[in-house]
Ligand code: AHR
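As structure tokens, one chain now follows by itself in the form predicted on its own.
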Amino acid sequence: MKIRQSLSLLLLLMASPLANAGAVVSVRTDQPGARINPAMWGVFFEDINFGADGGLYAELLKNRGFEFPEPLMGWIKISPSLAKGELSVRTDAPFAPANPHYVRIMSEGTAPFGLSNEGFRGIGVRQGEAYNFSAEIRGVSGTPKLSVRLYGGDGAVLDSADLQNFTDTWQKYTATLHPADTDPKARLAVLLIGKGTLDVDFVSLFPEHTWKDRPGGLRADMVQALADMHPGFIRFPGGCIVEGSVLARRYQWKNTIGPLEDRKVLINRWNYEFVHRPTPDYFQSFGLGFYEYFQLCEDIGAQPLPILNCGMACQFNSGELCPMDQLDVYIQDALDLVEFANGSATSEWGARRAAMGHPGPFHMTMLGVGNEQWGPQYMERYARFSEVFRVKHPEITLVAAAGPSPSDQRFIYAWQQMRSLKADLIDEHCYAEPRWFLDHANRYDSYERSGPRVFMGEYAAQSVATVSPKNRNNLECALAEAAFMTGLERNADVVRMASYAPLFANTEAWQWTPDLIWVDSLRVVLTPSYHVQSLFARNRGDRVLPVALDSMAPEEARRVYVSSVLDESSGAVILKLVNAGPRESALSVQLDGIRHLTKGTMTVIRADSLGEVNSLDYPDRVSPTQSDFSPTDAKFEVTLPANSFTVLRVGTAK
């Protein structure tokens, strides 16, 4: 299968099909156009589908502090027939006032008695790796031991450790477990051995190997998948959870920093949102909080883009509004976040950051005001934020919302208002069938070149219908997204940033599909959409190159989309080509302005069926293949395979 190169970002409408062998693609390599934002291609993290707890945050125990409304959710009482004892959830003299519940375990010593935690749809452990257990424990009576046991899904003991010598004050006790086997469905038990009573709280089990081996850190393989994409930014902590179904359940960043025991548990909006996918055990521990988000961005070289509540609850739920005369609290939270991220270590909030281990700034330059709001109430609230920030922090780019749809009256009204408010970036969202993305690859060709710029902050092709549980991350969706992205790239003077959504999903605890990356307790699956996003991000380039199409045949079943960019550091011309049709397509490529070519590469994503997907058992059915690509002349022929996305990097010599 041959695939050739033609670089350029169509200044010409490229949503048109290139038909057969007569089609000519001309790239003006000597006339580079708009500069491409270094943060053009990023990722959008939402705490949906167990994306944080049970996902990116590597804690393996659910409800470790007994703070869910049902305090023992996730836990099972272990009481063999010979055991005599009692369990009670208490709040008197707690270990942490912000998380006041704990468990008192009393045993008469006739048999092991205690609790077992199921984890997040099972605890995934690997043979040969270490897992660090910890708990806050207070002795009440007697001298019992606490046996910590890791059981496999089949009931076999994978490892155990005993803790003892407890005092009458809260103290942290630790042990390290080394499972004898790999098991995706393990569980952890804490059992009293001997007669006595213990108070137990903040029970935790973490893999020793986390991202950068940070204690209490992030799941290494999930972060690695992000790092491998080279995203230009990370938008966090989500969309609808920022708003909350009511304002009392909104995301408040100040509750997510500092010691873990000071971070109050909050119900996740996706716990109860969908009748067809209820998730009653979905809560936010905030072990992954704003400090950890900023740290993650720094780790992988991505710019942070936090989103804050603007005084409006989710308009798909209550639509509750903070009165305008009480909005200053929300604005002050935003100002304090700038200080937390960027302020000196001697400032109030900069000192909080420094105390957590980061004396220097995180260099935040962007901030989202609201998530997916619309209507006059949003406009007046955004205007207040904008007015304050233009005076106090003009260096911060504010991101404004344009509602949930890319073209309805809410969207049109938002753009009209935001133009008059001179907004910096407008966040557009679109979830639609693949055909929409193919038909709108030229969407931004006609946008005004002055005024607010675009952040395509949420988009994903839906194989069946938006919110359908039958959606799949198949090749057809990925190719439609790639075609649309060529239009984003061609119009990089208008579209400054873009991110697919949602990012992560647990295969056994999801609420929304499709998603970019799927995981279970031990494995990570990269979807065809992930590979498309990654190839765009890793081949971003610095300048758009103009493209012209000639000798185009009438519309056929197969359709080709193209964009091209220049990598200034290497001199490489990068051409992105999508053939969203069932037959191969032959093109003639002319690189105008190039005299000498050097070695390049060709990377192709393809499959025989548009319905092909990757899965836990077959993770590489749709994945990129790379080969050398070295045309000998600036004019060459290239054939695009059917149902394919190709990236050509053509080296040039000055």
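In this text, all values refer to a predicted model and were calculated from it rather than measured experimentally. Throughout, we count residues from 1 along the sequence that is shown.
Form predicted in complex with the named molecule: not shown, discussed below.
When you look in the predicted bound form, the only residue of Tyr330, Trp270, Trp510, Phe233 with a non-hydrogen atom within 4.5 Å of the named molecule is Trp270. The contact residue chosen from Tyr57, Phe66, Phe629, Phe44 relative to the named molecule in the predicted bound form is Phe44, the criterion being a non-hydrogen atom within 4.5 angstroms. Proximity of Leu591 to the named molecule in the predicted bound form: non-hydrogen atoms within 4.5 Å are absent; the residue sits far from the partner. Using a 4.5 angstroms threshold between heavy atoms, Ala501 counts as touching the named molecule in the predicted bound form. Using a 4.5 Å cutoff between non-hydrogen atoms, Gly487 does not count as a contact of the named molecule in the predicted bound form. Taking non-hydrogen atoms only, His429 approaches the named molecule to within 4.5 angstroms in the predicted bound form. Stretch 429 to 437 is the contacting one of 349 to 357, 131 to 139, 222 to 230, 429 to 437, since its residues have non-hydrogen atoms within 4.5 Å of the named molecule in the predicted bound form. Residues of 97 to 136 are not found to place any heavy atom within 4.5 Å of the named molecule in the predicted bound form.
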